[in-house]
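The data below hold one chain only, encoded as structure tokens and taken in the form predicted on its own.
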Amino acid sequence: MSMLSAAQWSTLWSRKTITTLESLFPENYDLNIAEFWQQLLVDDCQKIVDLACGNGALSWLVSEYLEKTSAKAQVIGLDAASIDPFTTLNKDPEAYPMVKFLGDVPMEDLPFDSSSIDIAVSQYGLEYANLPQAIAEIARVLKPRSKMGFIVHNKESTVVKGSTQFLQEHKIILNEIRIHELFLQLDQLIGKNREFRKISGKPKIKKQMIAINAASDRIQKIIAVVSPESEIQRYCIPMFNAFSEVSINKGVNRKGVVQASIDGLADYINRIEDLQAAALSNNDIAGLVNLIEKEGFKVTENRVIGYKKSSNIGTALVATR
């Protein structure tokens, strides 16, 4: 179950990212992952729900596949966060007439009548819910003849291990190196002055820049071993840009930029810790299967699924009733 608040997830989904795994799926789920979902949709259906949809990666994938097959099913993406994938990803709602999104909707409390949904799907979402409550609620809204399909994080997957491998390095940057504090001190030294060339040679400012460069060198050594390094770059680059000659001359809100960098890296660390906690062990997955089958479903697929060079990016589950 997620330790993050809906507001924290909302911040993540306000970014123009279709998945949380940009380095692995930069455009959307594809190859055998897309095939897994397509095989789930071979039967005729009228209504599909994508649970914990985020910015709708799976919803878009399902919708585009159904359009190719001339199917007329409605796809509804739900998330406990406040989401607006059409706006965030600059997609035209008229191009996706059978897709809609509902934010502020936890999967433990679905806004559907009983026995009204044909298929429930979720990728990297179910494990963040209260599983007994979520499975009972999903079972309630699914029709007597229906399916549910999930890909969930498991503790041995390369996604979990890769994401958490360098968690400590990110914490060192935020909590020990703290280059953001050096920038805030520099901001105080600069004050309201907008003439960079007049102040850049002042002893106190030169001393502060030396400290910032030393901290930057420490961060660069960490970047050299961390993969992906994108979150560290998101933390550092805006601050350096905010204290450039051009930005100082323009009177950019430097303090605001620094605070956004702090918040962004802290949110990332919280999210990875949340992933670590939400990922399911083998015993957890066995318990999940038991919950599903107690609701009258038969689990027809329960396997580790790979992607490209990785033999394990999660566990795939399919159940029918």
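What you see is a predicted model, and the numbers here were worked out from it, not measured in a lab. Note that residue numbering follows the sequence shown and begins at 1.
A second form of this protein, the form predicted together with a small molecule, is not displayed here; the remarks below concern that form.
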Though only this chain appears here, would Ala129 touch the small molecule in the predicted bound form if you measure heavy atom gaps against 4.5 Å?
-> yes
Give a yes/no on whether Pro106 approaches the small molecule to within 4.5 Å in the predicted bound form, heavy atoms considered.
-> yes
Although the small molecule is absent from this view, report whether Gln123 comes within 4.5 Å of it in the predicted bound form, heavy atoms only.
-> yes
Answer yes if any heavy atom of Ile18 is within 4.5 Å of a heavy atom of the small molecule in the predicted bound form; otherwise answer no.
-> yes
Heavy atom within 4.5 Å of the small molecule in the predicted bound form, from candidates Ala80, Met148, Val99, Ile117, belongs to Ala80
Find the only residue in Ile33, Ile292, Ala57, Ile48 having a heavy atom within 4.5 Å of the small molecule in the predicted bound form.
-> Ala57
Answer yes or no: in the predicted bound form, does the small molecule come within 4.5 Å of a heavy atom in every one of Phe183, Cys236 and Ser244?
-> no
Candidate stretches 168-176, 216-224, 72-80, 139-147 - the one whose heavy atoms come within 4.5 Å of the small molecule in the predicted bound form | 72-80
